[in-house]
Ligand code: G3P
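First, one chain by itself: the form predicted on its own, in structure tokens.
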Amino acid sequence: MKKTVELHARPELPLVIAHRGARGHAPENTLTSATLAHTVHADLWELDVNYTRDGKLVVMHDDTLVRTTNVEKVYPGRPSYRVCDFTLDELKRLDAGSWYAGRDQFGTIAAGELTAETLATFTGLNVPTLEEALLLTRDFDWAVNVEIKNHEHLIGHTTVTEDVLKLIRRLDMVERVIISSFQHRYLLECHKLCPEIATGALVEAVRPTDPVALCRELQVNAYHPDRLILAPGDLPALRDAGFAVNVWTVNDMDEAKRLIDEGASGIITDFPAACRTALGRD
């Protein structure tokens, strides 16, 4: 199998990683958003994994379905709208795209970057399963960052890592995937169960006292920090220690260029096309 992106080590070129797909111009965590990210030549895309009530792995960022689907309309009065309280069949009845036109969260609609015809194609988009997302990635001869959401207070805390890895192996995609998580226990489990797969430590809010030591402890390949918690010297120290550093979520392209100049390996962004241009990748 051709390895489409170097995920295990520091890449020769800065990586452009499409955050939940090209979500600046399409509904996040849908196959449409992923396809757009591939079309604009992002090096890989990033998605989020949650469990359904019947133990299926689906692509959804939030613990609940309210923000990015019409769940309240389809299932009015449900006592809970958490992903883990719905079966996969129930999720597949939801529209995961229509919300986008009414929210314009990035101002791209007001700026005229999306036509009415394009917005109309978002109506009726499904919540994809992880398998559907991985198969799309494989069909594109591409790569993906699979973020396993923290299930500590949900179903599946002790099984989610193994289930994700089983699926990745069954589809023969180990070399096309980097697994990341804020739940660092999952990264240690990945190293134990599938040491050949790339992993990245997600961190936010509070900077670890010693990012290099954290990466060594977790035996990861990459450090994925919130852009707001980087300290002077972090990027060169991590790179010198052999760790890739993919910073999120960077939508200011001057900032993206500065971070790469300072030593970042990759940029996780909602605007992969603009990021590629800014980094001289086109």
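Predicted, not measured: the structure shown is a model, and the values here were computed from it. Residue positions are given as counts along the sequence shown, with the first one as 1.
Note that the form predicted together with SN-glycerol-3-phosphate isn't included here; everything after this is about it.
Participant: Out of His61, Lys257, His38, Arg227, which one falls within 4.5 Å of SN-glycerol-3-phosphate in the predicted bound form, going by heavy atoms?
Facilitator: Looking at His61, Lys257, His38, Arg227 one by one, just His61 meets the 4.5 Å heavy-atom criterion.
Participant: Of Leu94, Leu202, Leu119, Leu165, which one comes within 4.5 Å of SN-glycerol-3-phosphate in the predicted bound form, counting heavy atoms only?
Facilitator: Of Leu94, Leu202, Leu119, Leu165, the residue with a heavy atom within 4.5 Å of SN-glycerol-3-phosphate in the predicted bound form is Leu202.
Participant: So if I measure heavy atom distances to SN-glycerol-3-phosphate in the predicted bound form, which of the stretches 211-219, 30-38, 45-53, 234-242 falls within 4.5 Å?
Facilitator: Only one stretch qualifies here: 45-53.
Participant: Give a yes/no on whether Lys149 approaches SN-glycerol-3-phosphate to within 4.5 Å in the predicted bound form, heavy atoms considered.
Facilitator: Because a heavy atom of Lys149 falls inside 4.5 Å of SN-glycerol-3-phosphate in the predicted bound form, the answer is yes.
Participant: Could you tell me if Phe106 has a non-hydrogen atom within 4.5 Å of SN-glycerol-3-phosphate in the predicted bound form?
Facilitator: Although SN-glycerol-3-phosphate is absent here, Phe106 would stay clear of it in the predicted bound form, with no heavy atoms inside 4.5 Å.
Participant: I'd like to know whether Ile268 contacts SN-glycerol-3-phosphate in the predicted bound form, with contact meaning heavy atoms within 4.5 angstroms.
Facilitator: Within the cut-off, so yes.
Participant: Does anything in 225-254 come within 4.5 Å of SN-glycerol-3-phosphate in the predicted bound form by heavy atoms, and if so which residues, in order?
Facilitator: Contacts from 225-254: just Trp248.
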